[in-house]
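The chain below stands alone and is given in structure tokens; this is the form predicted on its own.
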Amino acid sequence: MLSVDYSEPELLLGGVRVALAREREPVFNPATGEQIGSYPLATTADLDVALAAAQRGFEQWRGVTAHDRGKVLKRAAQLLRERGEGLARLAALESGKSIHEARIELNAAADLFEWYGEECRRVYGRLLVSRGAGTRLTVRKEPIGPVAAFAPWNFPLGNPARKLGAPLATGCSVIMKPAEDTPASALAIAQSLLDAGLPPDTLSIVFGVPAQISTYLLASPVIRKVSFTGSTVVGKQLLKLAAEGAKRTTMELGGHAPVLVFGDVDVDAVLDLAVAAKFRNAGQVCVSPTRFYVHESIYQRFAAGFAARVQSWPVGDGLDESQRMGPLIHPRRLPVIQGFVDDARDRGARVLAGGTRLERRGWFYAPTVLADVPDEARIMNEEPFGPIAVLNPFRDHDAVVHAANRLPYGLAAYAFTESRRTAALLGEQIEAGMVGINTFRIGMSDAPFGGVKESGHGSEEGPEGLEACLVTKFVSEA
């Protein structure tokens, strides 16, 4: 293992680290399969402590001015940048991702805290026209209350920052359950906030069996809002739990992003972007481009170029500066990915590159390109969440838009064309919460991040992320 300082993760209950006398589960380095530490499982008593702290923290934090809340968030951003390389290496160790990607992610987390540190001062209400002398009619925006947040592992720094930024900016307290695969990274984000001056009761971090923790937290009247990033199946289960208490929800669920490549593009330029985007984090990204629909006039050239680039794509330990793609997060993902490939091959698809596990220690699967994949193949209908790109030709504009929209997913979509008219049409026609035209960059701190259809609802980041953590109150004074 390339050297990284790794401290044993602990629970964070009301800003206090707790680990003694807790059952623990192992944490592994997916690049080697070796255990690097362990995390504690929260008990129901621990969750009660976190809930009580969240209530106290909300009552305190909501009374802090937006200006002072913003100073804490901006100080946390500064601390993240000062600690940058160490935190990036920690994230690469736990998740397996490329150190280059981890550095970008660390900076994105810092940018998000900094942006919300400024934007929270712009949460405005409004004054209505008076209905009579001596009366005042106002609309106020107030924090919704304690938030239960659930963050996945694939962006071990960015996802916790996204879950914490908007609620804390508005004056809410948070109990967050990060992914157990990357516990130390999430705790490092939380520590930056505490070191920046966040009141301890405002933030708790818990680990454990996801279903048990979510059921217990969502049953509590303390929790007023639920924020979840993960699979559509789990998201629907949490929606049912939240409905019992009429709790507000923000759900960023599964995706299966289409990429429409029209015949007027610079093929090599698009390929350079597409391969890097597809195999970022080994394809374990909710907005990862997967279903490539390429105009028939350039399809063969595009497929050959994609396969050639992939066959020489550097795959290895993410802490190795020379690598571009790391392993899958868990060994159970290897047969799942192989199942997608075998099913597509059995239905007539061509394997242009990869298609097998890499025989080395760790949980590596070769970056894979499939061509001519029929719609009935599993990978054309289920999110693979792995390093597989699927290529198919198209001829007609309306037909390819239909193909892009035919699934219940609607998180991200992409298109490449030199035609301004085509670009404008696609911006209107594609059913997704985020659309990248001639770019794969769709996530930034001041823009909403979220999906439609079964990819969820609500947004994180941007002013929309703040709005999701606020309630509207009308006050009529006579």
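Heads up: residue numbers just count along the shown sequence, starting at 1. Note that this is a predicted model, so its numbers are computed, not measured.
Absent from the display: the form predicted together with a small molecule. The rest refers to it.
- Site annotation in the model of the complex: the residue of 363, 262, 150, 302 reaching within 4.5 Å of the small molecule with a heavy atom is 150.
- For the residues 98, 229, 290, 170, the 4.5 Å heavy atom test against the small molecule in the model of the complex is passed only by 229.
- The small molecule is not drawn, but in the model of the complex it has a heavy atom within 4.5 Å of residue 286.
- The small molecule is not drawn, but in the model of the complex it has a heavy atom within 4.5 Å of residue 154.
- At a distance threshold of 4.5 angstroms between non-hydrogen atoms, residue 403 is out of contact with the small molecule in the model of the complex.
- Remark: residue 334 does not count among the residues lining the small molecule in the model of the complex, judged by a heavy atom distance of 4.5 Å or less.
- Of the candidate stretches 132-140, 264-272, 232-240, 388-396, only 232-240 contains residues with a heavy atom within 4.5 Å of the small molecule in the model of the complex.
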